[in-house]
Ligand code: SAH
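Okay, so here's just one chain, in structure tokens, the form predicted on its own.
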Amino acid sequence: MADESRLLSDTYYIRTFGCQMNVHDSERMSGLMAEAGFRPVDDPALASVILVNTCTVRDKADQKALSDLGRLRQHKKENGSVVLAVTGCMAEREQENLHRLMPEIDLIAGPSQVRNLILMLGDIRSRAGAKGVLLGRSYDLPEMTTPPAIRPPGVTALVTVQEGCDKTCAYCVVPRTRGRERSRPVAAIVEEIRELVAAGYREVTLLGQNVNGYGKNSGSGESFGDLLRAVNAVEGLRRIRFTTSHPSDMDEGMIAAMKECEKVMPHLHLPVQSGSDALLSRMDRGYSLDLYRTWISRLRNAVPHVALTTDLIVGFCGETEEDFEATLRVVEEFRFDGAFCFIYSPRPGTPAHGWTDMPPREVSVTRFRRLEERLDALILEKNRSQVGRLQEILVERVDSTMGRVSGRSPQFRHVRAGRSSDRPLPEPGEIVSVMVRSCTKAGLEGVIS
């Protein structure tokens, strides 16, 4: 039996899996817990409430979360007073199955129920030890307000502006786990960013499943370009980034805002997923390669130094060698500055889940390695082109012992820089010029000029 005297009352522990949206959801849950009088702990063995915030985009994410829950389940058995809650996308997709597999779980709630967290925890405690899981979907969908968030110290912050997805991609479970698209009002977003600036943050990343679809279903008439312009006007803010965009939601207003707003960084993450129109159609992505090409051409004409990053799927159902070669040609054509590559992972509840014409696993693994090798070579080539050039970085970290700083260039390249004189190192939040002297595929190195 575990030592229950080690448990601290009104304490919480959060374990987070997945994307930036999940990271920020955990920050918001931390804010709600703190506002309700809970204190964070670094060890789940000391927590009275344990929250596991899950991802389900790929099977690997599911398995990681289930492995962690297996250990926490045993802890719960030995400490019955602990509240064990599972949140996030896997929780939404697998609510009933999770309870069947692990009846020790007290609460299972999807990401849209983050704002009801304290209400749900209160209901669990009021049951005074009654058995049975509490399901988040039994609660009304809360308004899209912004709970207080506890962010890690630093100069960059995540800000959710849009949630959910109305797309119908055959492989993707997100519409089922995060619901329909909803957008926050511009005024509420601007007010949150002003508060962040007052707290010392200098860069924000605007988050959404389809962030550039912001406002399209809200009826407010506020577009993503309008949002970028409003955030650009916030005094004291130095840089604006956003992710993830969808090709079908690109428009001229967004491109004009990227060109004209000096705080909006020249970087766009725009998933193409495949270079084959046949596969894009089967994926139900809603665009052709020609449309993707058109938007990239317009963007690069407007913002010549823009960096383009993407997502690519290998091994989707029906993928032939010709389809894969088309993806390699797309990589060459667009010369991406970075990419997240994945081997297709069937997801229960998606249209493609029952399809049986996936390439053999060994074929997909070989293609994945070929794609990554080509991307790595291209990214290294791009980084080498920056040697001998100046880069402006927003200082995020200062290492006084090593006498160097690190941060991101406007194009989101990671840069480390040492000082070239006895001058004091800059403080976090300052923007400094760095002369690039060397590089790897992971980033650039140089000296503060």
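Start at 1 and count along the sequence shown; that's the residue number. Here the structure is a predicted model, which is why all the values come from computation and not from measurement.
Note that the form predicted in complex with the named molecule isn't included here; everything after this is about it.
Name the stretch: of 299 to 307, 364 to 372, 185 to 193, 336 to 344, exactly one has residues whose heavy atoms fall within 4.5 Å of the named molecule in the model of the complex.
-> The contacting stretch here is 336 to 344.
Are any of the heavy atoms in Arg58 no more than 4.5 Å from a heavy atom of the named molecule in the model of the complex?
-> Yes, Arg58 is a contact residue.
Heavy atom to heavy atom, is Ala326 within 4.5 Å of the named molecule in the model of the complex?
-> So Ala326 does not count as contacting the named molecule.
Does the named molecule get within 4.5 angstroms of any non-hydrogen atom of Thr244 in the model of the complex?
-> Contact check for Thr244: yes, within 4.5 Å of the named molecule in the model of the complex.
Can any non-hydrogen atom of Cys172 be found within 4.5 angstroms of the named molecule in the model of the complex?
-> So Cys172 counts as contacting the named molecule.
Would you mind picking the one in Gly215, Pro271, Gly110, Gly275 that has a heavy atom within 4.5 Å of the named molecule in the model of the complex?
-> Result of the distance check: Pro271.
Just give me the single entry in Ile105, Ile313, Ile240, Leu280 that has a non-hydrogen atom within 4.5 angstroms of the named molecule in the model of the complex.
-> Among Ile105, Ile313, Ile240, Leu280, a heavy atom within 4.5 Å of the named molecule in the model of the complex occurs only for Ile313.
Heavy atoms within 4.5 Å of the named molecule in the model of the complex is the criterion; list the residues of 191 to 218 that meet it.
-> If the 4.5 Å heavy-atom criterion is applied to the named molecule in the model of the complex, 191 to 218 yields only Gln209.
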